[in-house]
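Shown next are two forms of a single protein chain, provided one at a time as structure tokens under the names structure 1 and structure 2.
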Structure 1
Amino acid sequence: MKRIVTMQDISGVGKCSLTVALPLISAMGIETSVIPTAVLSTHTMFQGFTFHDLTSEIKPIMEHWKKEGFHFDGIYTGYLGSFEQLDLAKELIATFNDKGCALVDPCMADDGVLYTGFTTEFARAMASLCAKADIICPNLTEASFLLGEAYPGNNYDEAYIQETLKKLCGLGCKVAVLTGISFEEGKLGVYAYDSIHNQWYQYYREELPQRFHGTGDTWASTFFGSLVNEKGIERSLQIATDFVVECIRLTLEEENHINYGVNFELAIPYLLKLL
């Protein structure tokens, strides 16, 4: 049985980060080990949430794993909240990335701005973590901060996206994926570049009328699980995108859908069919 480890925070209520990654990757038939970076009472769409940092626990966890001789088929990092956690993520990859399947989702920005508490210095440090990854999957805002370039908004063409992907691979990763890309009104998807094989991939679906917290984590978890299941880059992009669309569709069918996140639980049978 394949085994991966994912390093990110966990919320008691609300579907994002580990509360998405753990059930989804497990459902895909992969043993999912975790390094929680922080515990929150709810995800950040709710007001007044509690937060407890777990950075001091990460190093002892890795030391214990080294003593036990654990090995993993993949490593996946999501939201990381400090420079120290970025350094620990680099150590995790350096120590346990035996199979050359380390995915970094550089969760730090959207809609042209950094998340609260992050700085351009943090973005530069995130770029140094991306250099250690095999695959990265930023959105266009995150890509702009990683590269120290101006955010283009919706003013881009395919040549710009391809050049950006090449620059992202220039950071040190083998494969770069840009999420949330659109060249046609009503269509939204992903564009990827495999620098090792000089291959381009893109895939688009209909853009649904509402955005939900945690869909990026849902996409990245599904993409990573598919990769570890040896579906390849192109098919994994399709599986992850199709699954997120189905999750949103099912959530919108709920009469009073709220901000817990998408109802991915209801879409797991569909995911298994995709696999």
Structure 2
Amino acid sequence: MKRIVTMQDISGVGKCSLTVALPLISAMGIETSVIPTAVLSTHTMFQGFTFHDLTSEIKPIMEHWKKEGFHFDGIYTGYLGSFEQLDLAKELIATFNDKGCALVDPCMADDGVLYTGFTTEFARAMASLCAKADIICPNLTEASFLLGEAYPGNNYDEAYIQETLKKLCGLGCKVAVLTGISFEEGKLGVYAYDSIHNQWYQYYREELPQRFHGTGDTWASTFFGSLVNEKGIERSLQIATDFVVECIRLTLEEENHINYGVNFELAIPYLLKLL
């Protein structure tokens, strides 16, 4: 059985980070070890959330794992809250990435703005973590902050996306994926570049009428789970994108659906069929 480790926060309510990654990657038949970076009452889009930092636990956890001789088939880092945690994530990759399957999702921004608590200095430091990853999967806002460039909004063409992907690989990762890309009204998808094999990938689905928080983590978790299950980049992009579309569809189907996450739980049987 495959075993991975994911390092991100646990937000009690608000379906994101570990409460998404743990059930989804486990459902994909992969043992999912965790390094929780912080405990929050909710994700940071709610007002008045509590926050308890767990940074001081991370090094002792890794030391113990080294002593036990644990091995992992993949490493996936998500939302990280401090410079120190970025350094610890680098150490996690340096120590445990035997299989060359480290996914860094540089969760820090969307719609042209950084999430609460993040700065452009943090974005630069996140770029240095991306340099250590095999694969990264920013949205266009995150990509702009990683590269220190202006956010293009909806004003871009394919040449711009390809150039951006090449620059992202130039940070040091092998594969870069840009999520939330659209060249055509009503279509939304992903565009990826594998710099080792000089290979481009794209995949689009219909854009649904509402956007939900946590879909980035849902996408990254299932993309990563598919890669670890040896589906390859092209198929993994499709699986993750199709799964997120189904999650949103099922959420919209519920009359008084919550607006802080998608009903991914209801889509797990569909995910298993995709595998």
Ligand code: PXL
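What you are looking at is a predicted structure, and each value in this text was computed from that prediction instead of being measured. We call the rigid core the largest set of C-alpha positions that still match within 1.5 Å between the two forms. Shifts are known only where both forms have a C-alpha. Along the sequence of structure 1, residues get numbers from 1 upward.
Between structures 1 and 2, only structure 1 derives from the form predicted on its own. Core-superposed difference between structures 1 and 2: one segment of three or more residues with every CA shifted 2 Å or more, namely 42 to 49.
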